[in-house]
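Consider the single chain below, provided in structure tokens and representing the form predicted alone.
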């Protein structure tokens, strides 16, 4: 019986050994450069469809971007082109080239579920009820969505939303969970009321520490006594102008997969802090202890650990602001470009609670970088758009890498950030494959 292993399986097991086995590349652990020459260079060049002008600068153990990103789509009604990672619960990501819009269309926004969405087909959205309660709520109340819409000022903001596990598939050793590549991110506009206005109406006690939510989705087991997820944010984040109770996305009612009829949105933090199908808001006198708040869910080691280490729950810290990150949305990875003509490359960048200060691109595996043009965000916590023109010096296979720098000078790592058991916060440079003919 012949057993075949895929490229990702080989590199997951031992990246440097995979280099030797697949390409005949000898690598130096000190320099992290691969000595790719002779038949190995010829083999990789043939597989990539052309010469590799900067082959001597390619890091060891690196799967070429042309092979590292799958583009086979899986169809979901209203979500053409998204890739399904799991169907129970349903989770799907968007290929980078489908995220080129400045404002992410609903049909291009990734889907992240922890449980089974409620059936909202026959509800009256105006009569949907949201309760405000908790140990630190002075005047508990119940509002219909219609009352919330009538009583409080409306605001429309473009807010970036990203799953905390976006990029998980690149970690080694592999981490459990949906194997997101780069597509669990988007930046639509949201219309709603400020969470702080509703909290102020109900009264915030001096003992308030955290604001949490509960929702109508069911636990994947079907057990009605269990919650699928119930998370939240510290009080200062809840009181920011950009933390919304929202009912519209891009000027239309929320799609069912994104929380219809009402949800919370707290841009810049993991998308899991914004509850869909919102039913209850809790003003807590402690850090919230709901489902997926404890253990290692949405937490990373408080201090760096070696890859593969076991980390005690007590040594894990809750993820708050997301790290600086960028995405190349044009051209699509694998594109063929004519030699001699400058190529337009563009995308988005974001940095959690902060703005992005600079965006750079590289075509020589991170050896040199050139600065791209970068726009201001539409509002705080919206992503920023960047663009540049690249001249490729000669025909061959290239990788375009993008690296963002945030407002306090923190930069994306060229390859992978610190490993963590659940594969969160991968903000490595995005890279695409380009063949110049």
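Residue numbers count along the first chain shown, from 1. Worth saying up front: this structure is predicted, and the values here are computed from it rather than measured.
This protein has a second form, the form predicted together with a small molecule, left out of what is shown; the following refers to that one.
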item	value
Site test, 213, 258 and 276 vs the small molecule in the model of the complex, non-hydrogen atom cutoff 4.5 Å	yes
Listed range touching the small molecule, judged in the model of the complex by heavy atoms within 4.5 Å, from 238-246, 107-115, 360-368, 121-129	107-115
Residue among 195, 163, 283, 351 with a heavy atom within 4.5 Å of the small molecule in the model of the complex	163
Option touching the small molecule, based on a heavy atom within 4.5 Å in the model of the complex, out of 179, 272, 297, 333	272
In the model of the complex, residue 217 touching the small molecule (heavy atom, 4.5 Å)	yes
The small molecule contact at residue 263 in the model of the complex, heavy atom, 4.5 Å	yes
In the model of the complex, residue 355 touching the small molecule (heavy atom, 4.5 Å)	no
Contact flag, residue 229 vs the small molecule in the model of the complex, heavy atom cut 4.5 Å	yes
